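Okay, here we've got a single chain as structure tokens, the form predicted on its own, with questions on binding and movement later.
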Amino acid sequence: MDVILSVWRQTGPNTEGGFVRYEANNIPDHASFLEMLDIVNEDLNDRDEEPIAFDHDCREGICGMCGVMINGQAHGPQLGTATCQLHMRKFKDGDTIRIEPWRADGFPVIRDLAVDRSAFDRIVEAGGFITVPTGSAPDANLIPVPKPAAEASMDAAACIGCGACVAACPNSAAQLFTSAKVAHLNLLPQGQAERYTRVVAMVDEMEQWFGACSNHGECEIACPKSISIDFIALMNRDYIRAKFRQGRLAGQR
């Protein structure tokens, strides 16, 4: 199949960018979207032109490195799918495909389609861990965990940190990502000791880089792992409780 690409090209974070037209010819319909970009880059290399920069790693929908806006949709037209899992058979021969990076102040462009998502790392570093000593590994059935809590925690842990939620949100909010990282620990017994300090630290760090949630729900639709916005409600509840607890503790001093 033959398609026409309109690709955002930008040499660095402090330079102006723009869309450049490319013809992608003889692309197998079973090729992934990233494999299509590989073919285009091979052609650009053969012509001694600068290849298109884009992020990728595992190419199995696990690492979260890939992610671009495709015709205005985060990760493209197939729901519940990362860019690396999207195949060219979702497009038609002769289609024009517009490709651009995530658009958010918290994700500055590094080059072309690659953005700096280290703000996500800083949110996790603020509290997405357990520091309480737990000793040696206990038997699997020693700590009773309700099945709904275990399943919800696993659902939250499915977040791959790709940033599609931020890119799809009209406010560039990161509540879905942050709430998933908070919930997969706060829902389990091991995470209770630092539950409230965790949510405050992570939310406060998030608000330095990203916008506010106004419940558009675009994040859930764009998420390649279909993570529910219910986690945002859980995070907000814990945050309010944590701030209330902090106020009471401060008043007792």
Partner chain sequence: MTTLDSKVPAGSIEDKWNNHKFSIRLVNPANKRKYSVIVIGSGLAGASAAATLSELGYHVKVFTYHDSPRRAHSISAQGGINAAKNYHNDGDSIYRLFYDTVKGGDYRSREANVYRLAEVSNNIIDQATAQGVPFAREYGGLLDNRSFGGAQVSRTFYARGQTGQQLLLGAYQALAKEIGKGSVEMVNRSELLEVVTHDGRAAGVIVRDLLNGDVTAHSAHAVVLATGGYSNVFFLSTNAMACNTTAIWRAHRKGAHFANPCYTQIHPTCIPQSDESQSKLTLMSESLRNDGRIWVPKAPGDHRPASDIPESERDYYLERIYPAFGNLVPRDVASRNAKTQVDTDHGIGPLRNGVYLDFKHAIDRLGEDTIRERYGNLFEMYERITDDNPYATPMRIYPAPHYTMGGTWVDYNLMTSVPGLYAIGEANFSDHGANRLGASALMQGLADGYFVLPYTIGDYLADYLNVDPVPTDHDVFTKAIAEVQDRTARFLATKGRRSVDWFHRELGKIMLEECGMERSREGLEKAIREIPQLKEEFESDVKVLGANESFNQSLEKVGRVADFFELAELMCRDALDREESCGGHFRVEHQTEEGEALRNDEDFTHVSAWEWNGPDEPQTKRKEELVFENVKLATRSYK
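Just so it is clear, the model here is predicted, and its values are computed rather than measured. Residue numbers count along the first chain shown, from 1.
Keep in mind that the form predicted together with the partner chain is missing from the display, and what follows is about it.
- Mapping the unseen interface onto this chain, Val40 falls outside it, with no heavy atom inside 4.5 Å of the partner chain in the model of the complex.
- In the model of the complex, no heavy atom of Arg195 sits within 4.5 Å of the partner chain.
- The partner chain is not drawn, but in the model of the complex it has no heavy atom within 4.5 Å of His75.
- In the model of the complex, at least one heavy atom of Asp139 sits within 4.5 Å of the partner chain.
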